[in-house]
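Just the one chain here, the form predicted on its own, laid out as structure tokens.
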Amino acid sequence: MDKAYNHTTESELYKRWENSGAFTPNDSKKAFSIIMPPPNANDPLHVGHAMFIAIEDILVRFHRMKGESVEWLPGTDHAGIETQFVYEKKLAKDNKSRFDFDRETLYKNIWDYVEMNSGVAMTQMKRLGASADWGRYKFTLDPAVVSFVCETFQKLHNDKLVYRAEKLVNYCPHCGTAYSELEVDHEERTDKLYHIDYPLTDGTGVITVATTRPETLFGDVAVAVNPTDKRYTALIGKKVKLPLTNREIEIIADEGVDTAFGTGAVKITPAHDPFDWSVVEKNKEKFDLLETVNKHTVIGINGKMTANAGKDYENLSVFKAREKVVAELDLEKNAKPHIHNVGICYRCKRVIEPLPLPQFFVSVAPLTKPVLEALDKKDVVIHGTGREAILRTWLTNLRDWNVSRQIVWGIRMPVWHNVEGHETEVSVNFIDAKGKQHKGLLRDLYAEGFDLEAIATGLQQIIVPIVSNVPFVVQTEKPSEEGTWIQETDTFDTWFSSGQWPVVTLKTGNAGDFEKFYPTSVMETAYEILPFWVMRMLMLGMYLTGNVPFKDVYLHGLVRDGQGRKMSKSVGNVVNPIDLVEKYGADALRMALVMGSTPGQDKSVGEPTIKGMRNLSNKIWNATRFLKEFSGEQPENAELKTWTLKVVRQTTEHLDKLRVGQASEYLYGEFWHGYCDKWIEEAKKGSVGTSQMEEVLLVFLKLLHPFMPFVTERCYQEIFSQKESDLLITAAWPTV
């Protein structure tokens, strides 16, 4: 044996494992399965990915050595808006944008871009030692997966759990799409609180409203006060003149108005504020909600003021319009600093606009109830202190799920609109054969000489107002019935497809896989996506199968730097796991990540920790080298035998109960301080013989193998491969 362990041989060992067929399930009736959280197909791995690979690989290697039929199904995610966002930045460098392409061309371009980089994640997972079943690999845009996801939507629609409605949604004008409430970040900001005088039409004075958004006053439909506020009781029912316009609006009462905020009087702009929307919705005798909203929408999906704001403001950006209103009404003199939380896009970090848009929603109440019951019955167990309570809170308070996304890169909704007879209401954006973009009502585009075939060929987006009552059907193929059918251009929220991941991967896989491996044994993922992904997998998994998609949920925490700081590019403390693998070996990184980790808790990992685990690799190597050269025959040492059995029992119990961090810490101590510091020294003194020391080393190589597979396999090959299984990865787990 070489004097020092050389980790550069890891890739050779991995090829040997992969070629041996060890990663595929055996015929055992006892199954253990994990569906891998799919990383972005287009991105290299970060240290958080390395954490989930380490934990999951430990569990699958452990259960494989126990003789179970183990399935660790890998996959990658198309990552919807995230991938399109990255691709659009690439386009911007070439002075282009998504608006220069029809949707089919843009989709193909992004597909080619992703395919060019798609092998990166898989290659890096293999570098980390992931013993996944690569023959069953899935991608979220595989044709079979796409078909299954669309059929799920059709089933939800048939079960009356899908509806189309115009609601205020979280919209990012920069990314050009709506988001669900889960995908909006919030940031504390200091803005200005402006005071605007609204003159009473009877000439008796003014009512002063406080707002951070004076630019939306063109969309005001009322001023609201609390009915208990004595300052304004006499004004309820009176009318005021809307500044900068000739429009009159009424002062109304609403108990939701906070008397302590600003002046206690607020402007009601239903098209651009959720509270204001709810006020108008409650006052049905005064307002027709959708008609009122559509007439008073003053910000468009491009983030600019619409014609409803008047010709002096039309096409101004929101912030330019704010500056103009402030200047025209001389509002700066009474403005005060105001600290509040602002919704921002989780991708581009720009301010989210609440906008009224027709979208498809999933009714969540019938889906969350079975999940709460499963949690009550412990059909699924959440590992991570306090995380089950967080999940229950989301399940109890979740609003209906907006699954529409106004992007190209994703699974297109299987929805068909029959626009025949609605040409004066339905509008489209499309690119003609010469590459020129056109926008407008179908009627006007037909009048310009374009036919439906030309529009469909270059289609970018179709906009079908709710109030137009355009009929639509939900089905995977174009309807055969008579009509002018155009497919919806929105795609599914990425979480809608990945929310079906445990079901769809097994249902579209090998024959018998679903029956054997569902429900899966463990879902291991980061705690920050508990509401984004885990909750939705539980909802959709139970809806589709009547059973939970997994029995245990292991939530690992964030990986922080050695000083406990969150890794970020701005701080400059982001680490590349593959760089660390090349420097110290995959075993060292894996062990450093899991050592002493606890579900639901963040873990600090610095380079000194990884160096320490590289030292453990050398310790295992040196112990093997000592045994290979050692010779000494002594009777069996009873104390060593008892101690070894205790180590096997304790390690097995830790792993059976998903205590991965405790198992790694325990093994580290017992091997280093027990086997090496004590028993090797005892062997040198003649207190224990070669055969027993080899037996115990073999036990430790097996126990350590799930954690540090490469060095243990190398050491196994040096002494034991001719005596037992050809490979340590397929050797039997020690038993008590």
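Position 1 is the first residue in the sequence shown; the rest follow in order. This one's a predicted model, so the numbers in the text were calculated from it and none came from an experiment.
There is also a form predicted in complex with the RNA; it is not shown, and the following applies to it.
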Next on the checklist: Can you work out which of Gly483, Pro199, Gly256, Gly632 has a heavy atom no more than 4.5 Å from the RNA in the model of the complex?
Outcome noted: Gly256
Checklist entry - Of Thr491, Thr177, Gln84, Thr211, which residue is found within 4.5 angstroms of the RNA in the model of the complex when only non-hydrogen atoms are counted? => result Thr211
Checklist outcome for this item: Note: the RNA not shown here; in the model of the complex, the stretch from 571 to 579, 110 to 118, 366 to 374, 333 to 341 having heavy atoms within 4.5 Å of it is 333 to 341
Next on the checklist: At 4.5 Å between heavy atoms, is Pro173 in contact with the RNA in the model of the complex?
Outcome noted: no
Checklist entry - Would Val559 show up as a contact with the RNA in the model of the complex if we use heavy atoms at 4.5 Å? => result no
Next on the checklist: I'd like to know if Ile249 sits close to the RNA in the model of the complex, meaning any non-hydrogen atom pair within 4.5 angstroms.
Outcome noted: no
Next on the checklist: With the partner left out here, check for me: in the model of the complex, does some heavy atom of Gln563 sit within 4.5 Å of the RNA?
Outcome noted: yes
Item to check | Full three-residue contact with the RNA in the model of the complex, heavy atom 4.5 Å, for Thr598, Asn618 and Lys684 | outcome: yes
Checklist entry - Going by the RNA in the model of the complex, which residues of 670 to 697 come within 4.5 Å of it through any heavy atom? => result Trp672, His673, Cys676, Asp677, Ile680, Glu681, Lys684
